[in-house]
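Single chain ahead, by itself, as structure tokens, in the form predicted on its own.
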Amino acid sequence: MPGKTTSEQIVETADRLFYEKGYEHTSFADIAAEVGISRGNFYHHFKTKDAILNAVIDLRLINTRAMLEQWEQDGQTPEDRIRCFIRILITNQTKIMEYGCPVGTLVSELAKLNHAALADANRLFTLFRDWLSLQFKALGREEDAEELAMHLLARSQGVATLANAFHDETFIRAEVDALSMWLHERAREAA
């Protein structure tokens, strides 16, 4: 990771390892080895694993906001923008089949651990829910925008979980097509 500070390298590496191995199964030593620094140098940047977790959640929030802003620019209509959310299942299908949804897996793990950072991690889902709700309102679905947003969020999490369980690209593509049709029907109902 040339051009990045050591702290940035640690956070980005921790983010990847928390996704691939899980928060609980990732150690300081794992992160330090991947970054190529000594444990002593590591502790200079982060004193606790929870401090790294907080930095990872902050990074994911920043990256999610940037992605949502990009979808705002890329999509000419609310339907186009919501479809960007749906298509992330295809865009990230290899990683989803291997590790699940990065948000869903982190939130689930922190919930099992009854971890203090769970509420912060849930902010990632809240970002998606609020953004989707705004898009459904812009689509003309003001009265049921939040319900539609939660339905789409829940369905995408289900697809990610089953894709991880069965490693089936055909299933992912079929579900993305079905979600796209569902979205188009909601848009037609609003017209």
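Numbers for residues come from their place in the sequence shown, where the first is 1. Computed from a predicted structure; not experimentally measured.
The following text describes the form predicted in complex with the DNA, which does not appear among the structures shown.
Taking non-hydrogen atoms only, residue 139 never approaches the DNA to within 4.5 angstroms in the model of the complex.
Shown alone here, residue 125 lies farther than 4.5 Å from the DNA in the model of the complex, counting heavy atoms only. Taking the partner from the other structure, the DNA in the model of the complex has no heavy atom within 4.5 Å of any heavy atom of residue 161. When the DNA is considered in the model of the complex, residue 148 lies well away from it, no heavy atom lying within 4.5 Å. The stretch among 26-34, 66-74, 153-161, 53-61 whose residues place heavy atoms within 4.5 Å of the DNA in the model of the complex is 26-34.
Proximity of 38, 41 and 44 to the DNA in the model of the complex is complete: all three residues have a non-hydrogen atom within 4.5 angstroms.
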